[in-house]
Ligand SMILES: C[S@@+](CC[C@H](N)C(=O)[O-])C[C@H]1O[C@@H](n2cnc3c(N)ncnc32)[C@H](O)[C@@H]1O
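Starting off, we have a lone chain in the form predicted on its own, written out as structure tokens.
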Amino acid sequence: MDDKLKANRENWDERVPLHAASSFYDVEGFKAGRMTLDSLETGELGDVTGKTLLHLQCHFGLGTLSWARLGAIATGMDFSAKGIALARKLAEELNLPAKFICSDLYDLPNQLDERFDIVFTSYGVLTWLPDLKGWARVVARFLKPGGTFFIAEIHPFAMTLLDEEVTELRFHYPYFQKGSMRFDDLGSYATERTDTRNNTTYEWMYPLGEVVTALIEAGLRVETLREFPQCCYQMLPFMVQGEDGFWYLPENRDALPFTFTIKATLPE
């Protein structure tokens, strides 16, 4: 693992207990039966009962465990040992049939020898990947012929916007970013706590066209590509929450894309 990915893993290891204690993740609510999957994530996959599902970059497993609650035979993976340890603890405590693997995403083919009906990933995952084409090949590797890949993700156009201490839309980051960007931010999207030690992270930006092309080149057939004006969290401080739980611009709410989804299949 190179130094950038190592720094990211150390940062995510430190985030795990902070996120687990945050209202953003509401672990106690989840234990009481709350599902973490939204309508975009569940809408196109339909009934998953009895289907095998691999959740890439699962953090500490709430999404994976939600799929298990819906009847999937779920497996989650993440590169954070602390995240996977907590996921396993929650699965045991809640008696949910899900298993978890700690692995670097690109090394997963050396750690897992299965194929799945569904490969799933969502929200804030692509930005942590230094090799988009390698990621797409991993997705294809773990799909059964005829299997389905689904991603719900923050739209790369929205990622160009400055998201701190602003009262209006302000473009800040390039859409066609080459190479990694370094951040030295305290806290995270889920907590404002600043008593952390490993605050340096490295992120990568990918235009939507590159994401689609990487999947196609890996052998997948893209069935749907959808764009939406809502976000799964309050990405900008002036966004307002709708009755559906998503966050929107306060005016001209349909003006910009904040989320996209892709559904693709591996041809038989």
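From a predicted model like this one, the values you see are computed outputs, not experimental measurements. Residue indices: 1-based, along the sequence shown.
Note that the form predicted together with the ligand isn't included here; everything after this is about it.
*Asks:* Spell out, yes or no, whether the shortest heavy atom distance between residue 189 and the ligand in the predicted bound form is within 4.5 Å.
*Replies:* The answer is yes: residue 189 has a heavy atom within 4.5 Å of the ligand.
*Asks:* Report whether the minimum heavy atom distance between residue 142 and the ligand in the predicted bound form is within 4.5 Å.
*Replies:* Taking the distances in the predicted bound form, the answer for residue 142 is no, it never comes within 4.5 Å of the ligand.
*Asks:* According to a 4.5 angstroms non-hydrogen atom cut-off, is residue 12 in contact with the ligand in the predicted bound form?
*Replies:* Residue 12: contacts the ligand in the predicted bound form.
*Asks:* According to a 4.5 angstroms non-hydrogen atom cut-off, is residue 201 in contact with the ligand in the predicted bound form?
*Replies:* Residue 201: no, not in contact with the ligand in the predicted bound form.
*Asks:* Among 73, 118, 129, 138, which has at least one heavy atom within 4.5 Å of the ligand in the predicted bound form?
*Replies:* If I apply the 4.5 Å criterion carefully, the residue I get is 129.
*Asks:* Quick check on this chain: which one of 86, 159, 151, 125 has a heavy atom within 4.5 Å of the ligand in the predicted bound form?
*Replies:* Contact with the ligand in the predicted bound form is made by 125 alone.
*Asks:* Tell me the stretch among 96-104, 142-150, 174-182, 110-118 that has any heavy atom within 4.5 angstroms of the ligand in the predicted bound form.
*Replies:* Among the listed stretches, the partner-contacting one is 96-104.
*Asks:* Counting only non-hydrogen atoms and a 4.5 Å cut-off, give the residues of 73-89 close to the ligand in the predicted bound form.
*Replies:* Read in sequence order, the residues that approach the ligand (within 4.5 Å, in the predicted bound form) are 77, 78, 79, 80.
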